[in-house]
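As a starting point, one isolated chain is supplied in structure tokens, in the form predicted on its own.
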């Protein structure tokens, strides 16, 4: 029987409420990974599953040290034991997409890493977590998933780590891949995915993650943004900035003026957009103020890429090259 490593981090899938009709007022990260496994006895027919608890938190409270631990454990497991069919990570939905993208940039192995969560706590009527978890293991042991990179399973849909994002605060169908759609789906007849690409790029496959991570801030574009916020961040020496620009990632004239007038060194900076989909392209004066377009990465995923670029010691040219590589990832 296939062996799967289940890494539990908490989230709604491990959440509990006072009664079964409560969907919103609950505590995330209460049940442990072993509890999740015991609630779905059908998993015993799919794989031999080893459970390890990495964290047990609401994913809004996930920390860099949890990311570091996840990356280390997955790399260690794959390097030490060829018998692992894949890894499943139970995760809160609020930051699930960021963890998936981080792992896509760091884990270089054809065996699948599958992230799964739930929109309803484990105590809810018609909780979605048990079936989501079953389908995640189903995907992790499937030949079709090999070579596909890091995958996300929610509501029977299989999404790639680069495109997937949470698009709703409620409902089991809260995840989508704007601009591309899901890669495939999984149901009781099996896993339905296109053939994996022959070669997969992993831009930071050899990167060692430090205990102390750089600080990267996100600024949100709006009518008459307060330039003092930007100046304050620059004054603190923040190492990276992601602008969530209006429209196609546009900064206001005041923000561009503040950047141009800043007398000190500028951080690495990316322009993303607040629209939810669509690319951000370069404009003529980006280079003058040190900006780079984030392409189709949303702000939170642009921040993940920028964090790893800073850890790797890349300059603006190196970051630009990594952005080109990231554009090719599913």
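Positions refer to the first chain, counted from 1. Source: prediction; values computed, not measured.
Below, we refer to the form predicted together with a small molecule, which is not included among the displayed structures.
Contact here is defined as any heavy atom lying within 4.5 Å of the small molecule in the model of the complex, and by that definition not a single one of 220, 245 and 255 is a contact residue. Partner contacts here mean any heavy atom within 4.5 Å of the small molecule in the model of the complex, and among 56-64, 266-274, 289-297, 33-41 they occur only in 56-64. When you look in the model of the complex, the only residue of 176, 94, 123, 239 with a non-hydrogen atom within 4.5 Å of the small molecule is 94. The partner is absent here, but in the model of the complex a heavy atom of 118, alone among 105, 153, 88, 118, sits within 4.5 Å of the small molecule. Interface membership of residue 111, defined by any non-hydrogen atom within 4.5 Å of the small molecule in the model of the complex, is ruled out.
Although the partner is absent here, residue 75 lies well away from the small molecule in the model of the complex, with no heavy atom inside 4.5 Å. Heavy atoms of residue 200 never reach within 4.5 Å of the small molecule in the model of the complex, leaving it off the interface.
Residue 262 falls outside the set of residues with a heavy atom inside 4.5 Å of the small molecule in the model of the complex.
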